[in-house]
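Starting off, we have a lone chain in the form predicted alone, written out as structure tokens.
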Amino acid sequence: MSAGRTDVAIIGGGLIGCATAYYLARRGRRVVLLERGFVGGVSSGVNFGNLRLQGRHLEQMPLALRAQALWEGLEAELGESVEFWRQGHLFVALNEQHAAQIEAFHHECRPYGLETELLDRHRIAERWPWLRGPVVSASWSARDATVNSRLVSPAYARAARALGADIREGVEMTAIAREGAGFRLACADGSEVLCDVLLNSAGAWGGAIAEQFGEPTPVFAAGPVQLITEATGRFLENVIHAVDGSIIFRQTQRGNILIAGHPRVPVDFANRRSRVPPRKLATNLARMLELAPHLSHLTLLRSWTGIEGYFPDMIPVIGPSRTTPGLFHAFGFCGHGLQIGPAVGMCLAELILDGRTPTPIECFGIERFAKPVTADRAHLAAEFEGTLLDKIGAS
């Protein structure tokens, strides 16, 4: 089978790959995207749908604020709904340490242009009178929003196709070879793709591609757990989010209660399988009911998880390869990829086409893994179950 020629090939059809394909195609470039399953089917489409600005790593704030501006106009841009809802976000402190973190972030994020409102127990009780449990304080961000994550990657893919991008689902890339100044990709269906530029947005599998080009990374896989209950009467318009991520919940526009919470759980990475351990159902439900006991009568409808890529420092890799001209990486988003995804796609398109982006992303470079990274076990213990900590060698 003859090889097709394109300007840019993208490996991985999650939000990052699909958004980048769209922004490249919008500027007239030929794009081929290869996704071995369905777009948004592994990580990007199975998350909580939180477009959270509060509590992010400060180095992500320029990227996050650019992304939020894109989200606010995305449905008009793509011509279809992704159920964008500017719900607002209540960041809840369950102890004094959490309260100190909230107050510090309140001051630290101001220079970036994000305003949050600090709330004491009395003001929380006035606005959320049903909220119970060990709530010490909270901060409120009116700009934070949610989307239906299942809809986002397919919407970007359809918009990219309409602009001429070749989005191929059910096609697995099996080999990459350097060819001249570009790349030759072989696929399991016998097709080949020749490209000048290659984007590695393969999620938890992105590390294997980077390592092939002499850039090993400590990426590992884990699964975030989501639960959803039957619908109930409207009582909650925003996201409730504990500072440590131990419990996160919101009421959908249909009235169901969507529930998430750390720690993430192990997955079967080799066989691309993930499941929710029964113990996790009980834990997350109990944590929600501690804050919202009036929901104890609701029936749990289903649970799910996915396979996400993480790094010990809990920030992604975004940017050009340091060993191979024409190769770009964007993977290991550590559970933060949905909110920043549109801006990452825009920045990658700018890097590929212009050689630069106005948004500072240098801290996400893959070169930071040229030296061993020491993981902070105390921090990661709240993020991952103990068996995962052992695998990443946290110390």
Partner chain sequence: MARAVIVGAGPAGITAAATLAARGVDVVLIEEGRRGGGQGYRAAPPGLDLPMRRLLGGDLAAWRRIQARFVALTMPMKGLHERFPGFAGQVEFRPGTLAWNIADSVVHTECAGTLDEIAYDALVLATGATDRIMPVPGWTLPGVYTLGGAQTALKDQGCLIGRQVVFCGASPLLYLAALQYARMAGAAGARVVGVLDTTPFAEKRRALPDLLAAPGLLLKGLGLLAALKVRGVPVRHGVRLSAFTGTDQGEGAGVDGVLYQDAAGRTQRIECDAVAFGFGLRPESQLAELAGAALRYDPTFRQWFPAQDADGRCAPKVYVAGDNCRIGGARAAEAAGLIAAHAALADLGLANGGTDTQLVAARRTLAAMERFQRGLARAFAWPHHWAAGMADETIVCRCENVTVGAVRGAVLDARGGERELNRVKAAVRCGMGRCQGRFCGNAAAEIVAAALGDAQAEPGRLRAQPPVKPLPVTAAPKEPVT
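Residue numbers count along the first chain shown, from 1. Since we're looking at a predicted model, the values are computed, not measured.
There is another form of this protein, the form predicted together with the partner chain, and it is not shown here; the text below is about that form.
Q: Report the residue, out of 117, 169, 72, 179, that has at least one non-hydrogen atom within 4.5 angstroms of the partner chain in the predicted complex.
A: The residue from 117, 169, 72, 179 that makes the contact is 169.
Q: Considering 275, 127, 86, 107, which brings a non-hydrogen atom within 4.5 Å of the partner chain in the predicted complex?
A: Contact with the partner chain in the predicted complex is made by 275 alone.
Q: Taking the shortest heavy atom distance, is residue 154 within 4.5 Å of the partner chain in the predicted complex?
A: Although the partner chain is absent here, residue 154 would touch it in the predicted complex, with heavy atoms inside 4.5 Å.
Q: Within 4.5 Å, heavy atoms only: does residue 186 come near the partner chain in the predicted complex?
A: Judged by the heavy-atom cut-off of 4.5 Å, residue 186 is well away from the partner chain in the predicted complex.
Q: So in the predicted complex, does any heavy atom of residue 304 sit within 4.5 Å of the partner chain?
A: Result yes; residue 304 sits at the interface with the partner chain in the predicted complex.
Q: Closest heavy atom of residue 39 to the partner chain in the predicted complex, within 4.5 Å or not?
A: Yes.
Q: So which of 281-289, 260-268, 190-198, 118-126 is the stretch with heavy atoms within 4.5 Å of the partner chain in the predicted complex?
A: Of the options, only 281-289 has residues within 4.5 Å of the partner.
Q: Give a yes or no on whether every one of 80, 159 and 298 sits within 4.5 angstroms of the partner chain in the predicted complex by heavy atom.
A: Yes.
Q: For the stretch 237-261, return the residues whose heavy atoms include at least one within 4.5 Å of the partner chain in the predicted complex, in the order they occur.
A: Residues within 4.5 Å: 254, 256.
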